[in-house]
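Considered here are two forms of the same protein chain, supplied as structure tokens in two stand-alone entries, structure 1 and structure 2.
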Structure 1
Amino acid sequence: MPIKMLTLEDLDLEGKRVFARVDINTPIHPETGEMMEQARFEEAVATVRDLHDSKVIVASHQGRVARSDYTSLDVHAKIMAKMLGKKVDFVPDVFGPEALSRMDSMSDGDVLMLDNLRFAAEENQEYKPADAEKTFLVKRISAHVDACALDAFSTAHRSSPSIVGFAGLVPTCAGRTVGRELRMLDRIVSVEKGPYVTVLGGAKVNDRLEAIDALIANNRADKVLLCGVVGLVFLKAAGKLRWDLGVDGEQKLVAQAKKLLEDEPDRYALPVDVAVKGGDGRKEVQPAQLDSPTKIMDIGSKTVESYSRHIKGAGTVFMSGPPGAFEWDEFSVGTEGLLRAMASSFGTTIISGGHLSTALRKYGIHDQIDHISTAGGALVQYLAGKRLPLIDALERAAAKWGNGKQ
């Protein structure tokens, strides 16, 4: 059923203060501190640009508390200014006196970026909408804005105050990213067919394990091809790696992976070979041949070959997270190989996450994929048929504020 939500055109936003909840949460290199890609910015600027007659307060989270990617948004403001081609003011505050007085003194056409929303403790919790409305973050900000544009599709699965708290208090509509993603996904869900192949890579192991459960429960993962750090956790669970990987909560994750493998061994494919640093670059070995802790950088060529066969035979393929460290050319074989298999597949193809969209651009094949989403966890929940808190908020807002322009 189509989602009933308001768009930017449904609200009278000219001259109004608009709280634009975007998601420019971006992978940050743990050693250099540099942003590794900017795909989510490209989406978010479309909404900010279309609000050129308003006073736009841009808000996003970045990283998770205590992780290396948990940073201020000062650099984000500079990147957005460059993309927009206009000034983006930055205030190192979320809903304190400085942020509120800067919001009050804006003129039409101004853009102000707040600091990382997760610097406010409340944003790190999930709430029912009625309780989110009582958080200080929502109470204070909503008293200083006229409307809210929800554009954080990739955070649609989190019922944090900035996602679910504004819809009942100020006229709230969808931003351009949410509109684009939902339109595309609606089309895809109406034509997709089995067999469903899911390729899971990247380093967010916990999220990927949740994804497996959700996709299987909704019959969206007939075959799960494992790679990246997720693949290593499964290799460890299968007894093919003998050392600790240094992943957060490793023991629990390995135990979960072991249970999945024991329950349905045929559903999963694990790398048969991996790539490590050799004397002169890439060296491919079988995982079990590695007898001491070694940094595994990619899947090997035999794995690429066998995974590509599954991908090409699929009715629908969903891929989330890169198979290897494709930033280094010698370790991009897995990522490039699997993405090329997707690009040449006759099935419906969906790519999730900024890393993979960056890689697709690098290989010049991004126009051969049916849908490239900047969302990770949110997209999985959507494909698994779950209700997303952000979409609920937009539907509530449409029911409350949808009668004529506000």
Structure 2
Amino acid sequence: MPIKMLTLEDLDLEGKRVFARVDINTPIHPETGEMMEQARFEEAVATVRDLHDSKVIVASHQGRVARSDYTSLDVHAKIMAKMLGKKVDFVPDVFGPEALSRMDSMSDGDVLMLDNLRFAAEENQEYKPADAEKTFLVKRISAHVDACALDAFSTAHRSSPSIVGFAGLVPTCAGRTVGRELRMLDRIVSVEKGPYVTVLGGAKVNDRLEAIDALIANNRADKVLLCGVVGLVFLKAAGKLRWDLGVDGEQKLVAQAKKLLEDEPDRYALPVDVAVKGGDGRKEVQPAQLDSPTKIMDIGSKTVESYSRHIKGAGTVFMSGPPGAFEWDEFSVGTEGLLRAMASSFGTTIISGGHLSTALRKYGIHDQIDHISTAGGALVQYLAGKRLPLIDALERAAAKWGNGKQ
């Protein structure tokens, strides 16, 4: 059923202050600190550019608290300014006096970027919409804006205040990215077919375990190919790794993985070899050969070959999260190999997440994939038939503000 939502054209936004909740949360190189891709900037810029007659307040989160990618958005503002070809003012504040004062002094066509929304404690929690409206972040900002454009599809599965709190207080519509994603996904869902192969990698183990449950429940994961940190958790659950991985909540996650393997052992494929740092760089070994704590950086060549056969025989392939640390060339074998297998597959192919979007561009094969989304967990939950808080917010807004231009 089509989603009932307002678009930029449905609201009278000329000369208005528009709070544009985008997602320019970007992978950052762990050593150099440089941003590794611009795909999410390109998506956000499309909405900001179309609001050229408005006063646009751009807001996004970046990273997670206490992690290396948890940074200010001052560099983000410079990147967006270069892409827009116009000045983007940056304020090192979220909803304090300086931020609100700068909002009030904007002129038509101005673009102001707030600092990292997660610098505000409330944005790190999830709320019911009525409670989100009462947060300081939403109450203060909503009093200084005329409308809201929700364009953070990759954060659509989070009920944070900036996602669900504005729809009941100011006219709220979908931005360009959200509209494009939903139209494309509706088309893909209508033509996809089995068998369904899901490739799950990356470091967000808890998210991946939730994804497995959701995709299996919705018959979207006939075979699950595991890699990345989540693959290591499953290897430990299978007794093939015997040391602590340093993952938050590791004991609980390993127990969950063990139960999944016990319940349906034939559904899951685990890495048969892995890559570690050796004296001359990359060294490939079987997991059981590692008898002491070792940092595993990638899946091995035999695993790439095995997984690629599953991918090429699938009717629909969904991949979320990289198999290894592809930022380093010697540990990009898994990521490049599986992405090239997807590019040559005759099935419907869907890539999820900012890291894989970056990798596709690095290898020059992004035009050989049916759908590339910078969204990770949000896309998984959408494909699994789950309701997303951002979509609920848009539908509430359409019901409240949809009678003529506001």
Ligand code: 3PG
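Basically, rigid core = biggest C-alpha set you can superpose within 1.5 Å across the two forms. For residue numbers, the reference is structure 1: its sequence is counted from 1. It should be emphasised that the depicted structure is a prediction, and the values quoted were computed from it without experimental measurement.
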**Fill in**
Block containing the form predicted alone is structure 2
**Request:** With both forms fitted on the core, give yes or no for whether the Cα of residue 357 moves by 2 angstroms or more between the two structures.
**Result:** no
**Item:** Is_shifted residue 38 between the two structures (CA, 2 Å cut-off, rigid core)
**Value:** yes
**Item:** Core-superposed comparison between the two structures, residue 222 Cα displacement 2 Å or beyond
**Value:** no
**Asked** By how many angstrom does residue 28 shift at its CA between the two structures when the core is held fixed?
**Response** 3.3
